[in-house]
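Below, in C-alpha cells: the form predicted on its own, a single chain.
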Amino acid sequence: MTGERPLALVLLEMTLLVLAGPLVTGAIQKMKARLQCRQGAGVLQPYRDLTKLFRKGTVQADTASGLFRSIPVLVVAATVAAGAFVPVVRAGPPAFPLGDALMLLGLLALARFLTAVGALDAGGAFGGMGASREMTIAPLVEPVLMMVVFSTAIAAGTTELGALAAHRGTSWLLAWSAADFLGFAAMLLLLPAETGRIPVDNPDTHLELTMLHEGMLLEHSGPGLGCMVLASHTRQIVIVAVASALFFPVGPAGAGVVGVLVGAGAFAGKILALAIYLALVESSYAKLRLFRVPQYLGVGFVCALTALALRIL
C-alpha cells in the first residue's frame, strides 16, 4: 500500500540517509579489507574520523577568500537537501511538494560545483588539479544519469522518485523490460564514478597522479573538512538510494511503526547489496588512467541512450 509521504516521514528519511552515510562507507571499507585478506578498520571508523575532525581547529590558506569558510556548509547543505527527494521506507510522492529527480541531480551538481570553487579559491596546486579533473568527469556522468532517470520516468509519466517507485508497485520484479536492464547496467557503471571509487577514482590515496575528489579537500581542515567528508558520505548513499528507488523500489509498507520498520529493513538490504557490488568492483579492478575514463563512461552512455530510445519507441 503506497500513498503520500507526510513531511515528518520525509524529514525522517533524510535524517536516516545522513546518519547511515558513514556506516555505508565503513561497510564498504571493511568488505574491501576482508576481500584483500586484511583485518581492516571497523565499520564505525568513519564516525570516529568525523568526530575527530569536528573537534580540531581550522587552518586556512592566506590566499583563500571569505567564501572559502562557507563552502563546506553550503556543500553539506546541498547534499543533505538532495536526500529529501529519495524515498527510503515508503514509496509515493511527498504530501508537501519538494521537487523531483531533476532537482535532486541539480543539488548534487551544485555541491560538486561548490567543492570545485572552494578548491580553486584556496589557490593550491593540488586543489586546482583536482577541480579540473572533477569538472572533466562531471559532464560525462551527469547527462548519463539524467538519461537513466528519463528512461524510467517515461513509463511512469513523472520524474518524482517517490511516484516512480510507487508506479512499479509490488510486481516490479516481474515487470522488467530490456530498457530496465540497460538502464540498470548504465547505473552500475555510473555508481563508481558518482561515488568517487575505482576504476574512476581512488578514495584511499592522496597520490598526485591518481586523486580526483580527494585533491579538492586538501585545503580544508577541522570542522570544514568534517563537513566535506560528511557530504561525501551522504552523496554516496543518496546515489545508491536513487539506484534502489529507480530499479528496486521499496516494497509495500503501511502506515505505523511496523510499516516503517519493514520499509527500513528492505532499504537496508538493497543498500547492502549495492555496497557489496562497489566493494567487489574496487577489489577486482585497478584504477583507470584519466584519459581512459571517457571510454569507460561511454559504455554507460550507450546503455542509457539505448534504454531511453527503447522507451520512446
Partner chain sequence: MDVDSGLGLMAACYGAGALSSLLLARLSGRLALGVGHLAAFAGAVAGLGIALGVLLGAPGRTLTQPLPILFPFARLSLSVDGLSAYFLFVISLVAVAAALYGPAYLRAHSPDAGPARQAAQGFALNVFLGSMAFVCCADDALTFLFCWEGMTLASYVLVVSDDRDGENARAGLLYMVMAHGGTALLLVAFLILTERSGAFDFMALRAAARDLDPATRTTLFFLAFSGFAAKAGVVPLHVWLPRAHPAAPSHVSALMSGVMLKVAIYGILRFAFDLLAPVAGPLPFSWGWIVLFVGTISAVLGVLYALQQHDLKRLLAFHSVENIGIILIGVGLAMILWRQEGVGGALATVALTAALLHTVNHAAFKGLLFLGAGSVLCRTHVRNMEELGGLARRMPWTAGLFLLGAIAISALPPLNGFVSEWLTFQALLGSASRFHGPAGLVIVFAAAMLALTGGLAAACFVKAFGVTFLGRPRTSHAEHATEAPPSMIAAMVWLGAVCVALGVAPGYAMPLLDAPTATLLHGPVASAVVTARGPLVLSTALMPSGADATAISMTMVAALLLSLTAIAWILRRGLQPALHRAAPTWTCGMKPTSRFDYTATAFAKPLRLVFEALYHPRREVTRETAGTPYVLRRIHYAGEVVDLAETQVYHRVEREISALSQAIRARSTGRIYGYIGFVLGALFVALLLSELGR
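None of these values were measured; they are calculated from a predicted model. Residue numbers count along the first chain shown, from 1.
From this point on, the text means the form predicted together with its partner chain, which you will not see here.
Looking at Val229, Leu182, Leu120, Leu189 here, can you tell me which has any non-hydrogen atom within 4.5 angstroms of its partner chain in the predicted complex? In short, Leu120.
Which residue among Val200, Val242, Val88, Ala131 has a heavy atom within 4.5 angstroms of its partner chain in the predicted complex? Partner contact (heavy atom, 4.5 Å) among the options: Ala131.
Flag this candidate site as yes only if Ala41, Pro249 and Leu274 all have a heavy atom within 4.5 Å of its partner chain in the predicted complex; otherwise mark no. The answer is no: none of the three residues contacts the partner (heavy atom, 4.5 Å cut-off).
Taking 4.5 angstroms as the cut-off for heavy atoms, does Glu214 touch its partner chain in the predicted complex? Contact check for Glu214: no, nothing within 4.5 Å of its partner chain in the predicted complex.
Contact between Gly298 and its partner chain in the predicted complex at 4.5 Å, heavy atoms? Residue-level check for Gly298: no, no contact with its partner chain.
Residue contact check: Phe113 to its partner chain in the predicted complex, 4.5 Å heavy atom: Result yes; Phe113 sits at the interface with its partner chain in the predicted complex.
Quick check on Leu305: any heavy atom within 4.5 Å of its partner chain in the predicted complex? Close contact exists here: in the predicted complex, Leu305 approaches its partner chain to within 4.5 Å, heavy atoms only.
Could you run down 98-113 and flag each residue that has a heavy atom within 4.5 Å of its partner chain in the predicted complex? Result: Leu98, Gly99, Asp100, Leu102, Met103, Gly106, Leu107, Ala109, Leu110, Phe113.
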